[in-house]
Ligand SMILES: Cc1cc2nc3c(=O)[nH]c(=O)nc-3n(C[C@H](O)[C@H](O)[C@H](O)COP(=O)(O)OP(=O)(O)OC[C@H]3O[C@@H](n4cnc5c(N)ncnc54)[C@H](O)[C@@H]3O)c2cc1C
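Encoded as C-alpha coordinates, the following chain is the form predicted alone, with no partner shown.
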Amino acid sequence: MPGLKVNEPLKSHTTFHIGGPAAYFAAVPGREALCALQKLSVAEHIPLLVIGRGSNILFRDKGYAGIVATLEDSFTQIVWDESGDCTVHAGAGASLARLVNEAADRGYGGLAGCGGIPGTVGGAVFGNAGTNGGWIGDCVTEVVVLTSAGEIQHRGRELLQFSYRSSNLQGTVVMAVHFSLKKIVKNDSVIEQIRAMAERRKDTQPLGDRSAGCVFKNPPGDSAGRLIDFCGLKGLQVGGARVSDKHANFIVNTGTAASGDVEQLIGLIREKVKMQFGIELALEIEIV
(Lines give C-alpha, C1' and ligand atoms only; values in the text may rest on other atoms or scores of the structure.)
Protein backbone atom coordinates (compact mmCIF):
# COMPACT_ATOMS: atom_id res chain seq x y z
CA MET A 1 0.00 0.00 0.00
CA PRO A 2 1.43 3.43 -0.94
CA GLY A 3 2.61 5.58 1.95
CA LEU A 4 3.53 2.75 4.29
CA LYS A 5 6.85 3.25 6.04
CA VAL A 6 8.89 0.20 7.01
CA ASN A 7 10.61 -0.22 10.39
CA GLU A 8 9.54 3.22 11.61
CA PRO A 9 10.93 4.08 15.10
CA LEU A 10 7.95 4.40 17.43
CA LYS A 11 9.85 6.55 19.92
CA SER A 12 9.41 9.33 17.37
CA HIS A 13 5.63 9.05 17.70
CA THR A 14 5.13 8.88 21.47
CA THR A 15 5.39 11.38 24.30
CA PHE A 16 7.50 8.86 26.25
CA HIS A 17 10.08 8.83 23.41
CA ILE A 18 10.44 5.10 23.98
CA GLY A 19 9.79 2.19 21.64
CA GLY A 20 11.31 0.06 18.95
CA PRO A 21 10.30 0.00 15.29
CA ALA A 22 6.86 -0.65 13.88
CA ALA A 23 6.99 -3.16 11.05
CA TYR A 24 4.84 -0.69 9.11
CA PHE A 25 3.69 2.86 9.81
CA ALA A 26 1.07 4.97 8.05
CA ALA A 27 -0.24 8.51 8.35
CA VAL A 28 -3.85 8.02 7.18
CA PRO A 29 -5.44 11.03 5.41
CA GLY A 30 -9.10 10.00 5.32
CA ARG A 31 -11.84 7.37 5.64
CA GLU A 32 -11.18 5.65 2.32
CA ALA A 33 -7.51 5.17 3.14
CA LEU A 34 -8.32 3.92 6.65
CA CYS A 35 -10.80 1.35 5.34
CA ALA A 36 -8.26 0.19 2.75
CA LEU A 37 -5.62 -0.15 5.45
CA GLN A 38 -7.99 -2.14 7.65
CA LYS A 39 -8.80 -4.49 4.74
CA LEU A 40 -5.09 -4.96 4.10
CA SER A 41 -4.57 -5.75 7.77
CA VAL A 42 -7.26 -8.46 7.69
CA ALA A 43 -6.20 -9.91 4.35
CA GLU A 44 -2.53 -10.18 5.28
CA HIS A 45 -3.16 -11.14 8.94
CA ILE A 46 -1.17 -8.12 10.12
CA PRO A 47 -2.40 -6.42 13.31
CA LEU A 48 -3.39 -2.76 13.00
CA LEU A 49 -3.06 -0.26 15.84
CA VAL A 50 -4.31 3.31 15.45
CA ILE A 51 -2.84 5.83 17.88
CA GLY A 52 -3.35 9.53 18.53
CA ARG A 53 -0.39 11.68 19.48
CA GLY A 54 1.28 8.85 21.37
CA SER A 55 0.39 9.88 24.92
CA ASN A 56 -0.79 7.28 27.45
CA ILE A 57 1.13 4.53 25.64
CA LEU A 58 4.39 2.64 26.17
CA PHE A 59 5.78 0.70 23.24
CA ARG A 60 8.27 -1.99 24.13
CA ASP A 61 11.79 -1.77 22.72
CA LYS A 62 11.27 -4.79 20.49
CA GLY A 63 8.74 -2.71 18.57
CA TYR A 64 5.39 -3.68 17.06
CA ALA A 65 5.05 -6.51 14.54
CA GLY A 66 2.18 -4.89 12.70
CA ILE A 67 0.89 -1.60 11.31
CA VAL A 68 0.80 1.52 13.49
CA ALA A 69 -1.26 4.37 12.06
CA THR A 70 -2.12 7.96 12.91
CA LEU A 71 -5.18 9.84 11.65
CA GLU A 72 -4.32 13.01 9.73
CA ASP A 73 -5.73 15.53 7.22
CA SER A 74 -9.55 15.15 7.01
CA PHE A 75 -9.52 13.38 10.38
CA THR A 76 -8.29 16.60 12.01
CA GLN A 77 -11.26 18.76 10.97
CA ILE A 78 -13.69 20.37 13.43
CA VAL A 79 -17.05 21.59 12.09
CA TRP A 80 -19.36 23.81 14.15
CA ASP A 81 -23.14 23.90 13.73
CA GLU A 82 -24.48 26.78 15.80
CA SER A 83 -27.97 26.98 14.30
CA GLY A 84 -29.52 25.92 17.63
CA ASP A 85 -27.84 24.26 20.56
CA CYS A 86 -24.27 23.84 19.40
CA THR A 87 -23.40 20.59 17.64
CA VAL A 88 -19.73 19.93 16.95
CA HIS A 89 -18.44 17.33 14.51
CA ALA A 90 -14.78 16.55 15.26
CA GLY A 91 -12.49 14.15 13.49
CA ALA A 92 -10.74 11.65 15.74
CA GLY A 93 -7.34 13.09 14.82
CA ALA A 94 -8.28 16.65 15.79
CA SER A 95 -6.37 18.26 18.65
CA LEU A 96 -8.27 18.06 21.94
CA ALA A 97 -6.74 21.36 23.07
CA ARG A 98 -7.99 23.05 19.90
CA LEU A 99 -11.52 21.74 20.45
CA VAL A 100 -11.56 22.89 24.09
CA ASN A 101 -10.21 26.34 23.28
CA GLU A 102 -12.51 26.91 20.29
CA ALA A 103 -15.53 25.93 22.39
CA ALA A 104 -14.57 28.49 25.02
CA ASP A 105 -13.92 31.19 22.41
CA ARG A 106 -17.40 30.60 20.96
CA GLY A 107 -19.01 30.69 24.41
CA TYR A 108 -19.88 27.04 24.96
CA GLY A 109 -19.48 25.08 28.18
CA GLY A 110 -18.98 21.41 28.92
CA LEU A 111 -15.38 20.79 27.94
CA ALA A 112 -13.53 22.86 30.54
CA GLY A 113 -12.58 19.72 32.48
CA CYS A 114 -10.37 18.73 29.55
CA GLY A 115 -8.37 21.97 29.66
CA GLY A 116 -4.64 21.32 29.38
CA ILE A 117 -4.98 17.65 28.41
CA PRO A 118 -2.81 16.75 25.39
CA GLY A 119 -3.72 14.33 22.63
CA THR A 120 -6.50 13.89 20.11
CA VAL A 121 -10.28 13.90 20.28
CA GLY A 122 -10.46 10.20 19.39
CA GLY A 123 -8.05 9.16 22.11
CA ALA A 124 -9.76 11.40 24.66
CA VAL A 125 -13.19 9.91 23.95
CA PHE A 126 -11.85 6.35 23.82
CA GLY A 127 -10.43 6.82 27.34
CA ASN A 128 -13.09 9.29 28.57
CA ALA A 129 -10.57 11.98 29.44
CA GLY A 130 -11.32 14.70 31.95
CA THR A 131 -11.42 15.46 35.64
CA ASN A 132 -13.98 15.60 38.40
CA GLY A 133 -14.82 18.99 36.89
CA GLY A 134 -16.18 17.23 33.79
CA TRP A 135 -15.56 14.25 31.51
CA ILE A 136 -15.52 14.44 27.75
CA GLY A 137 -18.05 11.61 27.51
CA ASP A 138 -20.63 13.86 29.19
CA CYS A 139 -20.90 15.90 25.98
CA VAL A 140 -20.76 13.11 23.39
CA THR A 141 -23.92 12.37 21.39
CA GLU A 142 -22.52 10.01 18.74
CA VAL A 143 -19.28 8.25 17.86
CA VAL A 144 -18.43 7.03 14.37
CA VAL A 145 -16.27 3.90 14.52
CA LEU A 146 -14.64 1.40 12.20
CA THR A 147 -15.15 -2.13 13.52
CA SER A 148 -12.69 -5.01 13.24
CA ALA A 149 -15.01 -6.44 10.58
CA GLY A 150 -14.50 -3.32 8.45
CA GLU A 151 -17.97 -1.87 9.09
CA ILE A 152 -18.50 1.84 9.73
CA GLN A 153 -21.00 2.30 12.56
CA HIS A 154 -22.68 5.38 14.02
CA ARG A 155 -23.15 4.66 17.71
CA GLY A 156 -25.58 6.99 19.45
CA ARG A 157 -25.33 7.98 23.07
CA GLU A 158 -27.73 5.22 24.11
CA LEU A 159 -25.12 2.66 22.99
CA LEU A 160 -22.15 4.35 24.64
CA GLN A 161 -20.96 3.40 28.09
CA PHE A 162 -18.58 5.92 29.60
CA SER A 163 -17.04 5.40 33.01
CA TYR A 164 -13.92 6.54 34.84
CA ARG A 165 -11.10 6.60 32.28
CA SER A 166 -12.85 4.09 30.03
CA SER A 167 -15.54 3.47 27.42
CA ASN A 168 -17.05 0.53 25.55
CA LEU A 169 -15.23 1.46 22.33
CA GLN A 170 -12.50 -1.18 22.69
CA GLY A 171 -11.96 -3.19 19.53
CA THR A 172 -12.92 -0.29 17.25
CA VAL A 173 -11.16 2.64 15.63
CA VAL A 174 -12.78 5.95 16.53
CA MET A 175 -13.13 7.98 13.34
CA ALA A 176 -15.25 10.96 14.38
CA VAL A 177 -17.17 12.27 17.38
CA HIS A 178 -20.30 14.43 17.61
CA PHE A 179 -20.74 16.66 20.66
CA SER A 180 -23.62 18.70 21.99
CA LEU A 181 -22.55 21.84 23.86
CA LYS A 182 -24.62 24.44 25.68
CA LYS A 183 -24.27 28.19 25.31
CA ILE A 184 -23.24 29.88 28.53
CA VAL A 185 -23.80 33.43 29.67
CA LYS A 186 -20.30 34.38 30.69
CA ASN A 187 -17.79 33.31 28.10
CA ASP A 188 -14.92 34.79 30.11
CA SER A 189 -15.64 32.48 33.06
CA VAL A 190 -15.14 29.37 30.92
CA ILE A 191 -11.96 30.72 29.40
CA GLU A 192 -10.70 31.47 32.89
CA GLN A 193 -11.67 27.97 34.06
CA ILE A 194 -9.77 26.39 31.17
CA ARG A 195 -6.78 28.64 31.78
CA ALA A 196 -6.82 27.77 35.48
CA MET A 197 -7.02 24.05 34.70
CA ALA A 198 -4.09 24.30 32.29
CA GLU A 199 -2.05 26.32 34.77
CA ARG A 200 -2.77 23.83 37.54
CA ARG A 201 -1.54 20.99 35.33
CA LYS A 202 1.57 23.00 34.51
CA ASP A 203 2.24 23.68 38.19
CA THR A 204 1.60 20.15 39.45
CA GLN A 205 2.63 17.87 36.57
CA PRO A 206 5.97 17.40 34.73
CA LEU A 207 4.58 18.57 31.41
CA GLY A 208 7.98 19.51 30.03
CA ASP A 209 9.40 16.03 30.60
CA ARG A 210 9.12 12.93 28.47
CA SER A 211 6.27 10.93 29.98
CA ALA A 212 3.03 9.20 29.06
CA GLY A 213 0.90 11.14 31.52
CA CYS A 214 -0.53 9.50 34.64
CA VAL A 215 0.67 5.91 34.83
CA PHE A 216 -2.03 4.54 37.16
CA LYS A 217 -5.75 5.07 37.54
CA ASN A 218 -6.90 6.59 40.81
CA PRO A 219 -8.40 3.93 43.10
CA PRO A 220 -11.93 4.70 44.35
CA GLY A 221 -11.91 7.61 46.79
CA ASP A 222 -8.17 8.17 46.64
CA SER A 223 -5.31 9.41 44.47
CA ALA A 224 -2.65 7.13 43.00
CA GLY A 225 -0.17 9.99 43.20
CA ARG A 226 -0.84 10.45 46.90
CA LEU A 227 -0.36 6.75 47.64
CA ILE A 228 2.90 6.59 45.69
CA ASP A 229 4.17 9.78 47.32
CA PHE A 230 3.27 8.46 50.79
CA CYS A 231 5.44 5.41 50.08
CA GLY A 232 8.40 7.76 49.53
CA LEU A 233 8.84 6.78 45.90
CA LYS A 234 9.32 10.20 44.30
CA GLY A 235 12.73 10.18 42.64
CA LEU A 236 12.98 6.38 42.56
CA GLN A 237 14.88 5.49 39.40
CA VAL A 238 15.51 2.37 37.33
CA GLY A 239 17.89 2.91 34.45
CA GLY A 240 16.70 5.98 32.62
CA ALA A 241 13.16 5.88 34.05
CA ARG A 242 12.33 7.92 37.14
CA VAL A 243 9.31 8.62 39.31
CA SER A 244 8.71 12.34 38.88
CA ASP A 245 9.68 14.62 41.76
CA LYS A 246 6.78 16.87 40.76
CA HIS A 247 3.94 14.32 40.59
CA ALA A 248 4.37 10.77 41.85
CA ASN A 249 1.92 9.29 39.33
CA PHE A 250 4.21 10.23 36.45
CA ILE A 251 7.22 8.24 35.28
CA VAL A 252 9.60 10.31 33.20
CA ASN A 253 12.19 9.30 30.65
CA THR A 254 15.37 11.08 31.74
CA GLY A 255 16.77 10.56 28.25
CA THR A 256 17.99 6.97 28.10
CA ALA A 257 15.02 4.97 29.40
CA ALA A 258 14.20 1.61 27.88
CA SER A 259 10.73 0.12 28.06
CA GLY A 260 12.04 -2.47 30.51
CA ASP A 261 13.16 0.30 32.87
CA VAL A 262 9.64 1.71 32.93
CA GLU A 263 8.01 -1.69 33.42
CA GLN A 264 10.38 -2.57 36.25
CA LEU A 265 9.60 0.74 37.92
CA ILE A 266 5.87 0.12 37.50
CA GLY A 267 6.29 -3.25 39.22
CA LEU A 268 8.20 -1.72 42.14
CA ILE A 269 5.55 0.97 42.62
CA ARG A 270 2.72 -1.55 42.58
CA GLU A 271 4.54 -3.76 45.06
CA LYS A 272 5.20 -0.92 47.52
CA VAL A 273 1.65 0.46 47.36
CA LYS A 274 0.15 -3.02 47.76
CA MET A 275 2.38 -3.68 50.75
CA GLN A 276 1.61 -0.32 52.40
CA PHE A 277 -2.11 0.06 51.63
CA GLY A 278 -3.34 -3.30 50.33
CA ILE A 279 -4.36 -1.57 47.09
CA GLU A 280 -3.51 -2.93 43.64
CA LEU A 281 -2.97 -0.01 41.29
CA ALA A 282 -4.46 -0.42 37.81
CA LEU A 283 -2.60 0.91 34.80
CA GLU A 284 -3.93 3.95 32.98
CA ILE A 285 -1.28 3.78 30.26
CA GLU A 286 -1.34 1.02 27.63
CA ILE A 287 1.73 -1.18 27.22
CA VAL A 288 2.13 -2.49 23.66
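Since the model is a prediction, treat every value here as computed from it, not as a measurement. Numbers follow the displayed sequence, beginning with 1.
Omitted from view is the form predicted together with the ligand, to which the following refers.
Participant: Would you confirm whether the three residues 56, 119 and 212 all fall within 4.5 Å of the ligand in the predicted complex, going by non-hydrogen atoms?
Facilitator: Judged in the predicted complex, 56, 119 and 212 all sit within 4.5 Å of the ligand.
Participant: Pick from 140, 173, 112, 99: which has a non-hydrogen atom within 4.5 Å of the ligand in the predicted complex?
Facilitator: Answer to the contact question: 173.
Participant: May I ask you to choose, among 76, 153, 131, 87, the residue with a heavy atom within 4.5 Å of the ligand in the predicted complex?
Facilitator: Contact with the ligand in the predicted complex is made by 131 alone.
Participant: In terms of non-hydrogen atoms within 4.5 angstroms, which of the given stretches 241 to 249, 47 to 55, 257 to 265, 226 to 234 touches the ligand in the predicted complex?
Facilitator: Residues of 47 to 55 come within 4.5 Å of the partner.
Participant: Within 4.5 Å, heavy atoms only: does residue 218 come near the ligand in the predicted complex?
Facilitator: Contact check for residue 218: no, nothing within 4.5 Å of the ligand in the predicted complex.
Participant: Any chance residue 103 has a heavy atom within 4.5 Å of the ligand in the predicted complex?
Facilitator: Residue 103: no, not in contact with the ligand in the predicted complex.
Participant: Residue-level contact is defined here as any heavy atom of the residue lying within 4.5 Å of the ligand in the predicted complex; does residue 160 satisfy this criterion?
Facilitator: Output for residue 160 is no: heavy atoms all beyond 4.5 Å of the ligand.
Participant: Can you work out whether residue 8 and the ligand are in contact in the predicted complex, taking contact to mean some heavy atom pair no more than 4.5 Å apart?
Facilitator: Contact with the ligand, no.
Participant: Would you give me the residues of 261 to 288 that have any heavy atom within 4.5 Å of the ligand in the predicted complex, in order from first to last?
Facilitator: If the 4.5 Å heavy-atom criterion is applied to the ligand in the predicted complex, 261 to 288 yields 284, 286.
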